[in-house]
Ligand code: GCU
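For reference, the chain that follows is the form predicted on its own, supplied as structure tokens.
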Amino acid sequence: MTRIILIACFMVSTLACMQEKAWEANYDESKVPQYVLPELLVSADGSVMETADDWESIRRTEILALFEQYVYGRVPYGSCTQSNEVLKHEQHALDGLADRREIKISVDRNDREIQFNLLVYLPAGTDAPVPVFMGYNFDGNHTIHPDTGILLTDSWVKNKDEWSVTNNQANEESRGMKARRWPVNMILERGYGLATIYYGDIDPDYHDDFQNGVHPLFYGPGQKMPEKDEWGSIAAWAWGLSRAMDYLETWEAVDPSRVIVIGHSRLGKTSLWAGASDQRFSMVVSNNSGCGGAALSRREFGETVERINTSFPHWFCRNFHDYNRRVDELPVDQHMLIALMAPRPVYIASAAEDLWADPKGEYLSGIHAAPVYNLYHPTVLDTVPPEINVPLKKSLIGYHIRSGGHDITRYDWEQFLDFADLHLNK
């Protein structure tokens, strides 16, 4: 009997592996299915949105609720207590270029607490409040710059042999290892501040039925995991950005009307949802965000809804999984997410070799979001994507596709800074 059970388990395991190997991403434009996008400017009762007031009072609210219900999940209702403590402050960091602070933000609810560290660099010696780029990092605040004044994270981190990171604990060897993604000096020299958080402080990026991170703070009596329409990790990370924004609004050195939320890859998905759900962010930047971010889901090019929900079942709400194989029935698509930023400037960045993220699909989301922007200001985007390394910055929907693969580079940051200069009246 034991032998029969073992054989059966082996067959089930083998079949699962075969199914996994059988799936192949589509990178052929001729195989993109025909699709019809959900109506952007027609409300649930069939009314056509003709003015910005129509959009804001009716259709925007409907679309935001649809994304909450079917894609990212709603944040459960409930008040929290937030406190902020400056852990470290250096007025002449980076050889006098920066004022550096690290702030511990604590959120309490239902006798539970979550804490995360917000690292902020501001240009030194400025009198007026400054605009700030804010976004998450993947491996800990200490990895964005070799600055030895940055505290090592004590949260769970992914093990990395090349950094000698073991037991899921950060070490000195990992300090500054992702600095190439964070041109801190350039950002400061351009007159902007930089605020960043380790995303694992809010919700560690692995699936354990939402027993770690912020989710348990919001569980009701007897609740063990979020409801089907409640938040996954992306919505939780977006929630954390809003709590950091709460702090920045209290800091006189920061201009709260010019806080730009930025993210790369899964954190680009996060920046888009943060910008959609919290209109205090004055500009939104999505870099290589792909499926569940800027790319149209119905194209099923590169990473698909089914693939992303299979590989990362904790990122979205469980309702989203119901559409794995019927994405054409989703009541939303990602152009509607881009439209939720209007009339604020939004920048979408792609990479020519990052076909997994569907660069064309990312650009098309901007194209199809333009009708909402046109209710405020004329927004002109050519239906044909621009050439590689030829950025589009003049319209409130900005875009570039650069050479190279899935990454965030100095070139990308240069375009984001230029776009902010143009549209935030710096």
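Note that the coordinates shown come from a computational prediction; the quantities given were computed from them, not determined experimentally. Note that residue numbering follows the sequence shown and begins at 1.
Omitted from view is the form predicted in complex with this ligand, to which the following refers.
- For residue 266, a non-hydrogen atom is located within 4.5 Å of this ligand in the model of the complex, even though that partner is not displayed.
- Proximity of residue 350 to this ligand in the model of the complex falls outside the 4.5 Å heavy atom cutoff.
- Within this chain, residue 182 is remote from the site of this ligand in the model of the complex, having no heavy atom within 4.5 Å.
- With a 4.5 Å cutoff on heavy atoms, residue 105 does not count as touching this ligand in the model of the complex; it lies far away.
- Residues within 4.5 angstroms of this ligand in the model of the complex, judged by any non-hydrogen atom, belong to 306-314 and to none of the other stretches in 116-124, 244-252, 306-314, 212-220.
- Contact annotation: of the candidates 323, 356, 192, 239, the single residue with a non-hydrogen atom within 4.5 angstroms of this ligand in the model of the complex is 356.
- A heavy atom within 4.5 Å of this ligand in the model of the complex is found for exactly one of 196, 297, 289, 271: 289.
- In the model of the complex, this ligand lies within 4.5 angstroms of a heavy atom of only one residue of 138-155, namely 138.
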